[in-house]
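Only one chain is given next, in structure tokens, and it is the form predicted on its own.
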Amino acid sequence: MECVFGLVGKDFALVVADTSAVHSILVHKSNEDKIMLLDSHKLMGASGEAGDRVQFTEYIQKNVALYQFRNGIPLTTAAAANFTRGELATALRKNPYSVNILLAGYDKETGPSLYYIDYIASVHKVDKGAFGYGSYFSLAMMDRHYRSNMSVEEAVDLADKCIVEIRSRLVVAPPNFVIKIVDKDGAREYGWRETIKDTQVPAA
């Protein structure tokens, strides 16, 4: 029951993801961070099969870093989105990845942006987007309350409304979420919304 959603505000982009690692009827952990920092000004929120999600996002992260190391300049957010789409398209004909991605970034020339990339390698630049079962509720909330010139506080408040809606209406709702923001000052973690904390098992 994964939930990843994001939006673009006045001068920033925000991505929210649940933090549950599940398999079948089992919850393995409740603090799995599914939003990867690609570089100083890019975030990649991903949902899908755990192995595909981790392997593919790390692969993209390392290749973005390699490009910057070789060329001395970072990829723009649009270039990173198209590179990601290209890798998914190549894999689609061989060994496809079951992973959906929201790629958020900030560029000096163009400002904040958000790209919606699904498992069959389609890419769209969007103002708001979502993946997973939580998308039914988060997209409805964003359709109702989203504005293009939102402040950080307004966007976080909208994200909280989406989280409350998911928790109250989704039959198997994830308990914890992480919120990350990218703007001119870089990509960073904004906060967690937790109802369950993983407990440490004492050593025998």
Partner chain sequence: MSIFEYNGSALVAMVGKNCFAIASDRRFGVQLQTIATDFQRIYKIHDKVFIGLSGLATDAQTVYQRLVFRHKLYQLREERDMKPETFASLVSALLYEKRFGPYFCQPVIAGLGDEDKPFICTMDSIGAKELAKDFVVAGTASESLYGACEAMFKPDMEPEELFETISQALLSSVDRDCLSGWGGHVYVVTPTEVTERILKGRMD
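Residue numbers count along the first chain shown, from 1. Just so it is clear, the model here is predicted, and its values are computed rather than measured.
Not on display, but discussed next: the form predicted in complex with the partner chain.
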Quick one: is Asn82 in contact with the partner chain in the model of the complex, heavy atoms, 4.5 Å cut-off?
yes
Residue contact check: Ala121 to the partner chain in the model of the complex, 4.5 Å heavy atom:
yes
Would you please decide whether Leu139 lies within 4.5 angstroms of the partner chain in the model of the complex, comparing each non-hydrogen atom pair?
yes
Using a 4.5 angstroms cut-off on non-hydrogen atoms, would Ser135 count as touching the partner chain in the model of the complex?
yes
Is it the case that Arg169, Ala173 and Trp192 all touch the partner chain in the model of the complex, with a non-hydrogen atom of each within 4.5 angstroms?
no
Within 4.5 Å of the partner chain in the model of the complex, which residues of 82-98 have a heavy atom? Give them in sequence order, or say none.
Asn82, Arg85, Ala89, Leu92, Arg93
